[in-house]
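What follows is a single chain, given as structure tokens, in the form predicted alone.
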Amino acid sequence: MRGQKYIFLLPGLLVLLAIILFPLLFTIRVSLSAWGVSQPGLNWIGIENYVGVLRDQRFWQAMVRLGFLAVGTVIIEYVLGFSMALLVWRDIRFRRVFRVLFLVPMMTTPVIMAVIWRTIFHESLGPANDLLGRIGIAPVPWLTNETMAMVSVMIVEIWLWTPFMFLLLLSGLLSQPREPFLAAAIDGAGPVRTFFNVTFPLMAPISVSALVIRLIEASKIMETVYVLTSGGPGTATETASYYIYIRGLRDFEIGYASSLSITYLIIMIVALTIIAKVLVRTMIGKQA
């Protein structure tokens, strides 16, 4: 039977539908209700919650912060990860040691690392300001100043996820054919010219995949903000995910939080689709 192979896929498909489709449909249904502390039932209110989302300035400001945080950290992670991958890709001493060291941040739990970084950034007792004081620099309000709090979150995210980018890009470098590099060497191309004319173009498809995967993950930033700053000072580091958490699990406005989640999901799908297409056209399309 030609369709027999699809029968073997059916159990897995049913499991995926159960764990993905049902929660999504249920969330949509909840978003159309006023489920909360005062009204525990799924009473139908239509699109009233979504009208409230459109007027919710705090949510849209959180989305802007999320976009800045995600794009900024991913770009820096890509540059650092690519640099680290190029370093250990070459035949240098202790190459295997460096590969292991570069992966250490990724081996730890994000919440634990956020707690450690919160201690490091402590204004009076943290080692960060202690080291700055030893070289004559005044203490930095890492977590109490709006700008520095955002910088602190970015530093922790970059520390945590650069090894992931490094691992993907190193895998891509190790899978590249040697012939183009040998041809560039014969033509007398230097390291910089070889990188821009050979290495980077060959790595473009893998780079796009790495950037998109990391952007998807970065759009869900929650643990770092929760542990490091709790969205503060004020709402300076509050992301969309953290705001949805506040409305849903602190204020217990489940219906409204569900409408925020669906709106957030739609925005992320559209934005990431556009970004992926732009990356493909700019990094791969020119080579086609």
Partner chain sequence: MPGLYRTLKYAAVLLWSAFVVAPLLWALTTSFKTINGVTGGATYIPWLDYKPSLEGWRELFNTSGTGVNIGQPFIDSAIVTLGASAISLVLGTLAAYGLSRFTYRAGFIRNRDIVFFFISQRIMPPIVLAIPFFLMLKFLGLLDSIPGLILVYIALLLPIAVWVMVDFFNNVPREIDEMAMLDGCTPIGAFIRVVLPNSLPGVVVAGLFCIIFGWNDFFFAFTLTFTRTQLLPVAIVALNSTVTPWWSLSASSLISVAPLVVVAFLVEKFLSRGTLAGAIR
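Residue numbers count along the first chain shown, from 1. All figures in this text were calculated on a predicted structure; none of them were measured in a lab.
Omitted here: the form predicted in complex with its partner chain. The next part is about that form.
- If you check its partner chain in the predicted bound form, you find no heavy atom from any of 34, 58 and 280 within 4.5 Å.
- Interface membership of residue 275, defined by any non-hydrogen atom within 4.5 Å of its partner chain in the predicted bound form, is ruled out.
- Using a 4.5 angstroms limit between non-hydrogen atoms, residue 227 touches its partner chain in the predicted bound form.
- The shortest heavy atom separation between residue 146 and its partner chain in the predicted bound form exceeds 4.5 Å.
- Interface residue remark: residue 222 is counted as part of the site for its partner chain in the predicted bound form, having a heavy atom within 4.5 Å.
- Residues placing heavy atoms within 4.5 Å of its partner chain in the predicted bound form fall in a single listed stretch, namely 151-159, out of 151-159, 67-75, 196-204, 137-145.
- Of all the residues from 100-119, those having a non-hydrogen atom no more than 4.5 Å from its partner chain in the predicted bound form are 100, 101, 102, 103, 104, 105, 106, 107, 108, 109, 110, 111, 112, 113, 115, 116, 117, 118, 119.
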